[in-house]
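Below you will find one chain, with nothing else, as structure tokens; this is the form predicted on its own, and questions on how it binds or moves follow later.
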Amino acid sequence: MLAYTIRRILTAIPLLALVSVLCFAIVASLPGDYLDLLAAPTMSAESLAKRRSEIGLDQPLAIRYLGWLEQVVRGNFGNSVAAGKPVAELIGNRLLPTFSLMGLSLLVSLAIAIPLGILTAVKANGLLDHISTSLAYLGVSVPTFFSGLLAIYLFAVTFNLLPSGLMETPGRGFDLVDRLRHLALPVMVLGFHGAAIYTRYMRSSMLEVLRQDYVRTAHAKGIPAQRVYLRHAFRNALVSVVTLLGMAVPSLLSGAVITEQVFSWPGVGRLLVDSVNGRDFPVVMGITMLVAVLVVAGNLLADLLYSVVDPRVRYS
């Protein structure tokens, strides 16, 4: 497995290089730049051109890309043109809020989806199955920005149970209970959306496994139903969910971009939106490459988990 992992990492390097080229070209093709947004009416064309030359925006695209790539090799991803700080530092300060939001949302999604998917498969076409299916379609169909605003209206405005935004109460300092209260609404929104997706996959996979001959044989031998479902069927049904988990990180991050804006959460997603609006291209490139690395890592982790879930899978 170690050799397989190393081989996958080595093959990911040219893929990430290709992604960086395409993303850099797309970002550079956006109309305007940081100085265009800041240029005052009284600012002369000479002053604007001088400032653009100082930060390298007047250079050809290939030269700018090579300069950015040199910074990446050094591990700092360049400097933000808006904040004047290293991009790695800006992103690093936002990783913990985003990963805490994504991690708790994923746990909530799986905690709901796995048992509910098993129950609805075992009791297929029953009342619970119909209710779960309706809620799953609702969760998939409703965009997170709408469900986020609805959650704020209900739990923060109407009933005043939870804070409507930010990561902590201003001026209060670190307080675990306060942090968890601020996490509750965005985690609820992302977790419900993820649970709606995973429940349907878990149900369909479990239904397919329950129709297999070995499950019927286990029932015929008199093995208790609970043991058949949890020890024989569940592990094989989990294979398709593991495949979906390989894309969980990018899908959660894309959902977090919207959710962080709605709840004013100081994470990477909000930094990305602010950087795009401010034409802070080094920060946009840094976050884009971070997402690309997470996609590659997520798929590699899913492949490795196959051998844990299914003993027949071996990497040599």
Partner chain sequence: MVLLGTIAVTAIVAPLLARFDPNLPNLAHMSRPPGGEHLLGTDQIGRDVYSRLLYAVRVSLLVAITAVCLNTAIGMLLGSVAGFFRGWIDQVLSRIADAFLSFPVLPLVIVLVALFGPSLVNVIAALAVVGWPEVFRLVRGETLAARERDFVQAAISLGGGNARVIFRHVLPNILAPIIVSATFGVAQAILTEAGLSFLGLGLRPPNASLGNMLLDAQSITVLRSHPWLWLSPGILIVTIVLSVNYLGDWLRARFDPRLRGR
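Positions refer to the first chain, counted from 1. These numbers come from a predicted model, not from an experiment.
The protein also exists as the form predicted together with the partner chain; that form is not presented, and the subsequent description refers to it.
Distance criterion of 4.5 Å from any heavy atom to the partner chain in the predicted bound form singles out Leu149 from the list Val122, Met188, Leu149, Ile114. Site annotation in the predicted bound form: the residue of Gly126, Pro143, Gly92, Gly103 reaching within 4.5 Å of the partner chain with a heavy atom is Pro143. Proximity to the partner chain in the predicted bound form holds for none of Met206, Leu230 and Leu244, with the criterion being a heavy atom within 4.5 Å.
Within 4.5 Å of any heavy atom of the partner chain in the predicted bound form lies no heavy atom of Tyr214. For Gln71, no non-hydrogen atom is located within 4.5 Å of the partner chain in the predicted bound form, even though that partner is not displayed. Remark: Asn236 does not count among the residues lining the partner chain in the predicted bound form, judged by a heavy atom distance of 4.5 Å or less. Although the partner is absent here, Leu271 lies well away from the partner chain in the predicted bound form, with no heavy atom inside 4.5 Å. Along 251-279, residues Leu253, Ser254, Val257, Ile258, Gln261, Val262, Leu272, Val273, Val276, Asn277, Arg279 each place a heavy atom within 4.5 Å of the partner chain in the predicted bound form.
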